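Next up: just one chain, as structure tokens, the form predicted on its own.
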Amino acid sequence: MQKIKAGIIGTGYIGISHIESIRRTGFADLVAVADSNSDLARKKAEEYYIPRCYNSIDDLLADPEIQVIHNCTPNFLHAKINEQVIQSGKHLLSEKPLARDSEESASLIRSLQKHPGTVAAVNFNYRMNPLVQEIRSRISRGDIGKVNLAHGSYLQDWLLYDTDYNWRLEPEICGVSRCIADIGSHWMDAVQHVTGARITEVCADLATVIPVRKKPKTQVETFSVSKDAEFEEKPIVTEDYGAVLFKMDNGAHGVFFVSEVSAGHGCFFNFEIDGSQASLQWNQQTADQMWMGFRDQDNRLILRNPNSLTPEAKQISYLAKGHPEGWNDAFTNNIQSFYRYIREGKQPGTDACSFATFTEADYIIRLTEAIVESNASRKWVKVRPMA
């Protein structure tokens, strides 16, 4: 059996995670990388022993051996490159967001409908932690009763200082939202995934904590610290923090808040689902355990044990109990589920999948737009259907 051949465009921080995860699948082969920064692309190709290196998406798509493209470029390039990949007939795994706005994402969905054999996914990887899948399975079979509430947060500190700078701070690159679109999108996807319900109405409060930042004259990679003494002051219009009240189509209510300026938090992602009989809670910093709460019996701290997981969770849990599986493993699980779908010849729209589809990613974008609109109007806003 031949391996599935893949290429990656974008060799920055997240592109490296894609490189490592592709290699961990076992039945995929990374044969090429591309980046507009040709020096960076060559460096990464040499460092990771990738045989081919291209300077553009056009060159990458022209390679007849490549069957799958991973789009790991900055946000403002997602729509254009995703469209090119769809038109090429190659399968596509895009980093989130799918596009900068719902007009772009709707256009991509229409293009994908004209290529029904193309498998396309968006990398919402938190849903593929084994215990997140376990929570989904337990909720589905009724272990906690009727879902009443959902709440949690996602906190980071990588933009805590006014000297912290990244392209995500610039709306022309990242879009009208930053904190909600960047990390809040992961929270919304995970909670919608485990509950099997959609957030339909929001009431939001967003805040730009640092209104002016010092942009270094040289490029700074995501999560790295700038030591450049030369900088220019840049006004910031996207949010550092956001809090969102919401309602879901299953009758549940909820609230979450996100921040990129909360000291001490590198990647504090947690959610709790409260049902009529019990509650379930998960925190990715302790990803190998989940909490189950009861009123009339002792609460439980459940450690990941492949021997006792539901079938849906067990199939993405590879290590024996006591051997922690974390962020890299969930990331790989998501990519592997995408490649397995291709290898097994499954058909989009017909066969179910665990990874996030373009339709689900489009909904996250429209949710984000509703949140931005709510903050501006100071009112509850319903999520608009796709045009």
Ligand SMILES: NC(=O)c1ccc[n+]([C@@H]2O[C@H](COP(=O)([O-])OP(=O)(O)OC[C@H]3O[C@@H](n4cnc5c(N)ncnc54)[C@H](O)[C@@H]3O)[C@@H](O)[C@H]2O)c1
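In case it trips you up, residue 1 is the first one in the sequence shown, and so on. Quick caveat, the model's predicted, so the values are computed rather than measured.
Absent from the display: the form predicted in complex with the named molecule. The rest refers to it.
The putative spot formed by T195, F246 and S279 is not touched by the named molecule in the model of the complex; no residue has a non-hydrogen atom within 4.5 angstroms of it. When the named molecule is considered in the model of the complex, I19 lies well away from it, no heavy atom lying within 4.5 Å.
Remark: D35 counts among the residues lining the named molecule in the model of the complex, judged by a heavy atom distance of 4.5 Å or less. Interface residue remark: G293 is not counted as part of the site for the named molecule in the model of the complex, having no heavy atom within 4.5 Å. For the chain shown alone, V132 is not a contact residue for the named molecule in the model of the complex, no non-hydrogen atom being within 4.5 angstroms.
Interface residue among K96, K90, R304, R127 relative to the named molecule in the model of the complex, by the heavy atom within 4.5 Å criterion: K96.
Shown without its partner, this chain lists Y341, Y48, Y318, W327 as candidates; in the model of the complex, only W327 has a non-hydrogen atom within 4.5 angstroms of the named molecule. Proximity to the named molecule in the model of the complex, taken as heavy atoms within 4.5 Å, picks out 76-84 from the listed stretches 76-84, 199-207, 107-115, 283-291.
Along 170-187, these residues reach a heavy atom to within 4.5 Å of the named molecule in the model of the complex: D182, H186.
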